[in-house]
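One chain comes next, on its own, written as structure tokens: the form predicted alone.
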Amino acid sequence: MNYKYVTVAGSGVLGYQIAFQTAFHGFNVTVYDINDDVLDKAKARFKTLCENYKTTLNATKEQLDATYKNLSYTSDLKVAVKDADLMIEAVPENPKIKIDFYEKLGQVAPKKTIFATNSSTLIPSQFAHATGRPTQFLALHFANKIWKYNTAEIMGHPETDPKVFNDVVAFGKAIGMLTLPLHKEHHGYILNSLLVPLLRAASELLIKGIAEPEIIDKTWMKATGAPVGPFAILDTVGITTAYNIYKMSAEKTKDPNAIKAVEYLKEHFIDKNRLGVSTGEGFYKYPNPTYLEPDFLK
């Protein structure tokens, strides 16, 4: 693995974290997004990340200053990837958006550039040929709060070059990740194959009127010892991501529960811009959600 320049496309919930973590470990990182206003929001989030890195990783001022020097920003895709050895895509979890992005990317990226998708549920073979370089394409999926829950799931598809796969595993280790290679393609990878059913079950309990979010979260936290419940997780992941996953499921399976979940999330959250931690409100209000209060489980 001889990567030096990394481009992160998409500066949302995970994109800005991936960019910062990569820059923190000494790589030159270009952050790309659709316009400068979105990039400015990412820059503001980096300030919060600095505090997290100080607390969790004991990062020094010198390390964080160096991290900022390793970061650059652009809303011009051609400029963003002109030097890229590796491009990590973190655009919305929507196949049409991803395919459109890769078709444009393939026309402007250097031949050397490896493409990696951070998709949480979609598999790389769905986009491989849209990239124009299927042998240089695979999935590299990170968990939220990347600096703390530092997992990287690496999943190729049947045409992925084994050397590319191994190089991306090495890159994951180089940026401080616990690398988790998958032997076959699988929707949901490992983490979300375990997590999504929990979130879906919690959503169904809410939509059916069985219990409110706080009670469902309390049940999960107290009974299992988990630090947070499913609705706190949904707020952290981003309700837009959950909405897109349910929407794809509803369109594919016509499952009435998935259809109800889509309608519920759209009416109560998407349309009201209550998207979770990123907007200051989702199922809880931030920065001081009730599930963090000392007496939440009493």
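This is a predicted model, so every value here is computed, not measured. In case it trips you up, residue 1 is the first one in the sequence shown, and so on.
Omitted from view is the form predicted together with a small molecule, to which the following refers.
Undergrad: Counting any heavy atom within 4.5 Å as contact, can you tell me which stretch out of 211 to 219, 160 to 168, 173 to 181, 139 to 147 lines the small molecule in the predicted bound form?
TA: Result for this chain: 139 to 147.
Undergrad: Looking at Met87, Ala90, Met155, Leu105 here, can you tell me which has any non-hydrogen atom within 4.5 angstroms of the small molecule in the predicted bound form?
TA: Residue within 4.5 Å of the partner: Ala90.
Undergrad: In the predicted bound form, which of the listed residues (Thr67, Ser249, Thr241, Thr30) lies with a heavy atom within 4.5 Å of the small molecule?
TA: Residue within 4.5 Å of the partner: Thr241.
Undergrad: With the distance limit set at 4.5 angstroms and only heavy atoms considered, check whether Leu14, Val38 and Val237 all reach the small molecule in the predicted bound form.
TA: So, yes: the whole triplet contacts the small molecule.
Undergrad: Give a yes/no on whether Lys98 approaches the small molecule to within 4.5 Å in the predicted bound form, heavy atoms considered.
TA: Yes, contact at 4.5 Å.
Undergrad: Quick one: does Ser203 come within 4.5 Å of the small molecule in the predicted bound form, counting heavy atoms only?
TA: Ser203: no, not in contact with the small molecule in the predicted bound form.
Undergrad: Should Gly10 be counted as a contact of the small molecule in the predicted bound form, where contact means heavy atoms within 4.5 Å?
TA: Residue-level check for Gly10: yes, a contact with the small molecule.
Undergrad: For Ile34, is any heavy atom within 4.5 Å of the small molecule in the predicted bound form, or not?
TA: Ile34: yes, in contact with the small molecule in the predicted bound form.
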